[in-house]
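Just the one chain here, laid out as structure tokens, in the form predicted alone.
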């Protein structure tokens, strides 16, 4: 039988760039000579950070983000509570941190990291935007909490706008189309199946509710470009892109769905690169359970497809949640790097979840996993990672290292200073309101109203009351075939056939193309 020391010394003896996670513990004491490390090129094989509230998940995320940044890998992470913003500042030395690091033979060296702040509302970072059209009906339906029937109606509206080359950029565009198709344009929707006025009313009300919460500012242009999330600093460190969510943490559907939209953007825009020496970017998906709650089977299937295939684009994804059961099984099967913090059990259901969590780890001859899950303290975790050959390492009870940056929230001055120094913030500061569906429909209705107001031509002169023997001034022309009345072009045909509409279509090539292709989640696949 291989000894404890031999097992872990050989399991983590990687002769390549790695990121240190912590040190192996036995009987509650960390071993300075047994370090847990993750090979850098295995970060695009995805991972899971799980544990009950207050057990250290956020600090583990922060530690991994620091290690990736040091190795020149950009990071994108969501900051739900606001306490990851401290990565912009060096940590504060105190006796507790010093003692923790000395227990594994290391010194605590404070450090800050290059940070770029983003925000869905623009309150604490660069304003993030996405067009309604690129978001697609599936993800938008999840934000609006639509039923299957309502979402099918929304998909039909998107199809109509795609066919008519009408860009849906913001909520004003979508609302205008919904109102038009439920009234003046109802006949145009017959070939698509039609929709009831009641359904339109529900859709509009849900959009208004979201607008009143301030979230509608997220929809519009200029749309976020993924290239701006994949930058390095002048000293070669990867930029840590932090999405500040403290101001929208009561709108979990909005930010969890946005994160999925962003993953979809990487999935479609990034070229295939295969296995690379280090990932192009690592994406941390916090509060991952929100993504899977109340999601249709089709949406979960698409999420699994992205998790499985995005690795070949050089993108790594880490899901952060309380228990592995929060993540769909097919997605969980893709997560080779696991950091499991303590799980607290207070009910019979909690005890059942612990047994289920323990069963997801490789068997260990040195640890009783189910018992350790409830007995670990804050900052301790069970860890198994993929070695350079892609094989899971033995489960190790681990004392997680302390992050070097500040482990707390920061005041508004830090955000303001970062935004003022950012070149990316200037790029997205001013919204663009180019001609789109709202303006096209408004012009169409105005032109239709103007046509109706034009005075009709005078009727032809009638035959006077002549005597039968009186010949008319001019004999009427005789026709052998009755002339069919000329079919008037509809107002829609006039608008979409006009030169102005053609110019609009050319200007909108970034949002819609001559051949619209929508892929996963109904997002725009090609431009």
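On a predicted model such as this, the values are computed, not experimentally measured, just so you know. Positions refer to the first chain, counted from 1.
We do not show the form predicted together with a small molecule, though everything after this point is about it.
Visitor: Could you tell me if residue 44 has a non-hydrogen atom within 4.5 Å of the small molecule in the predicted complex?
Guide: Residue 44: no, not in contact with the small molecule in the predicted complex.
Visitor: Look up in the predicted complex whether residue 403 has a non-hydrogen atom within 4.5 angstroms of the small molecule, and give yes or no.
Guide: Yes, residue 403 lies within 4.5 Å of the small molecule in the predicted complex.
Visitor: I'd like to know whether residue 59 contacts the small molecule in the predicted complex, with contact meaning heavy atoms within 4.5 angstroms.
Guide: Contact check for residue 59: yes, within 4.5 Å of the small molecule in the predicted complex.
Visitor: Counting only non-hydrogen atoms and a 4.5 angstroms cut-off, does residue 55 reach the small molecule in the predicted complex?
Guide: It does: once the small molecule is placed as it appears in the predicted complex, residue 55 has a heavy atom within 4.5 Å of it.
Visitor: With the small molecule left out here, work out from 299 to 307, 394 to 402, 350 to 358, 196 to 204 which stretch has heavy atoms within 4.5 Å of it in the predicted complex.
Guide: It is the stretch 394 to 402.
Visitor: Select from the listed residues 414, 407, 332, 216 the one whose heavy atoms reach within 4.5 Å of the small molecule in the predicted complex.
Guide: Of the candidates 414, 407, 332, 216, 407 is the one lying within 4.5 Å of the small molecule in the predicted complex.
Visitor: Go through 110, 388, 82, 379 and name the one with a heavy atom inside 4.5 Å of the small molecule in the predicted complex.
Guide: Contact check passes for 379.
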